[in-house]
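This document opens with one chain alone, in structure tokens, the form predicted on its own.
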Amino acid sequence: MKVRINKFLSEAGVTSRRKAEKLVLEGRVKVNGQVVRDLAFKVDPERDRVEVDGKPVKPQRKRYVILNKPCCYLTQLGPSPDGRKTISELIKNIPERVFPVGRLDYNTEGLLLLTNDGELANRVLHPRYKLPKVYLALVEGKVDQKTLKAMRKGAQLEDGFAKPDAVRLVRYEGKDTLLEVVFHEGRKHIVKRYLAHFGHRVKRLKRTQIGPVKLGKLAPGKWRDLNKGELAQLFKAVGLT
């Protein structure tokens, strides 16, 4: 199957799609010996010979990884301008160029999916597939049954109505409450803003599941490849075969 030249270069680990477009426009990309400057040009990864600055480019094997992101790491690749730690430090021994699928806030922990499969990444993030994301949220104060019932009905936030797929009281921890919250949408800070709306500020947030993929006992700061069963379930959940 043919793909656009910028997508091919990105998935081959050369650079991002945007920077790949720049390489094409600068005349630094050849396909079968001919310079290509058309951003709409498509290549067959199995048959075409692609070069950047005279060096051959080969497709990377697809990689599907989950990382248990600890608190106080930025969900970005490469160094941070302000010196804060980034997830790049945790995945240095992955040879393929993988990208985070979505984000976790600096202070949020838990499951982060990384891949070089652009099609899968787009579908995981697309609201059309309603892929649930499960979070454990430790909030200030004791959430009573009346508030819990209201949380399940939804609420109007500053950027529109929001309603979780599920909210469950896990346990009380002293004066605080541990909740399990499920959202399939990915609006910015949706869990924190939603719970704050009911007067319960989030003290700690951890994502434990994306669709059928669970964090399990993976230690903070560690990563692993998805197994065949997990990958099959994830592909099925987003309509891929």
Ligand code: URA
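One rule holds for the numbers: they count along the sequence shown, beginning at 1. All of these numbers come straight from a predicted model, not from anything done at the bench.
Absent from the display: the form predicted in complex with ligand URA. The rest refers to it.
K.L.:
Based on heavy atom distances of 4.5 Å or less, which listed stretch (118 to 126, 98 to 106, 161 to 169, 139 to 147) is in contact with ligand URA in the model of the complex?
P.N.:
Stretch with heavy atoms near the partner: 98 to 106.
K.L.:
Of 62, 192, 204, 28, which one comes within 4.5 Å of ligand URA in the model of the complex, counting heavy atoms only?
P.N.:
Result of the distance check: 192.
K.L.:
Select from 129 to 149 the residues with a non-hydrogen atom within 4.5 Å of ligand URA in the model of the complex and write them out in sequence order.
P.N.:
Stretch hits: a single one, 135.
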